[in-house]
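Only one chain comes next, encoded as structure tokens, the form predicted on its own.
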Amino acid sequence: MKKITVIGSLNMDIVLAVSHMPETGETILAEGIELIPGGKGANQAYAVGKLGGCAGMIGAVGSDSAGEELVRSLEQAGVDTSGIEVLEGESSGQAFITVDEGGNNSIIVAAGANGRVTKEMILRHEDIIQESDVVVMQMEIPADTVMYVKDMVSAAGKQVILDPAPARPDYEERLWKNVDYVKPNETELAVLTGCTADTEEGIKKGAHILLDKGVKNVIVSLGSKGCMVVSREKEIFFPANKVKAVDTTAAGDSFTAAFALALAEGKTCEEAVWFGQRVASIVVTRKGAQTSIPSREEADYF
């Protein structure tokens, strides 16, 4: 089986259930609070493992109880955690997530140990990367580290999948060169390219800006509407499965993980997108990040 290595963030999610998102200056009462293992990188690695893939992760946690729980959760999903370092004197990453009654969320991340995933750390675990076939990254670790790994991986002929979240308009141009698949959502596409993503033409225009910068394929996730794949050869819209969403946390991460797994299994891009959407459709019907991710049997049955 081909191996997928995820390089990125691990966060303890502090999830607040609210009736609505607070306005500026507004104080509201949370209707519930939960602590759930998360982080975009950890969610993606967890999902690959839960879905039956061969997954490993490189990242960092603090020397605290949250870090222990974050690593334990990945191990329970069958993820190789030998590339996760425990940093003394540092706190584990945290994400403060509000989820409203419609299942929509907003997230504030405190990077903690994630901010210390450096090139030196990557070199200490280079063997894990070289043994992998697909490498998945996000932007919750330093951008210099992401670019360093991307150059290493693309030079070795391995597939690179980049989830550009959190998005910023000032990323260096070389970030995008030779990335096989980049997966922004509508908001992220607008931040990265300046193109309004509320129309099909706007989405295509933004995607082509990323293609011109060196990306090979752009997958724009459109929430409940579905997603669009844009490359030099094709522009394909994939409608979403119709489900009742209760929490969209980790939906995008699960899509990315399922997409990567399908590619590793030899599926086409189109087949991988359908599988990613199937998994994400299950995730949004459940609360939490890693707690919402289905098994392969559940995904296949759906």
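The numbering used is simple: start at 1 and walk along the sequence shown. These figures come from a predicted structure and were not determined experimentally.
As for the form predicted together with a small molecule, it is not shown, yet the points below apply to it.
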item: Segment assignment from 171-179, 95-103, 74-82, 200-208: heavy atom within 4.5 Å of the small molecule in the predicted complex; value: 95-103
item: Selected contact from I161, A190, V153, V109, since only one has a non-hydrogen atom within 4.5 angstroms of the small molecule in the predicted complex; value: V109
item: Partner proximity in the predicted complex: A250 to the small molecule, non-hydrogen atom cutoff 4.5 Å; value: yes
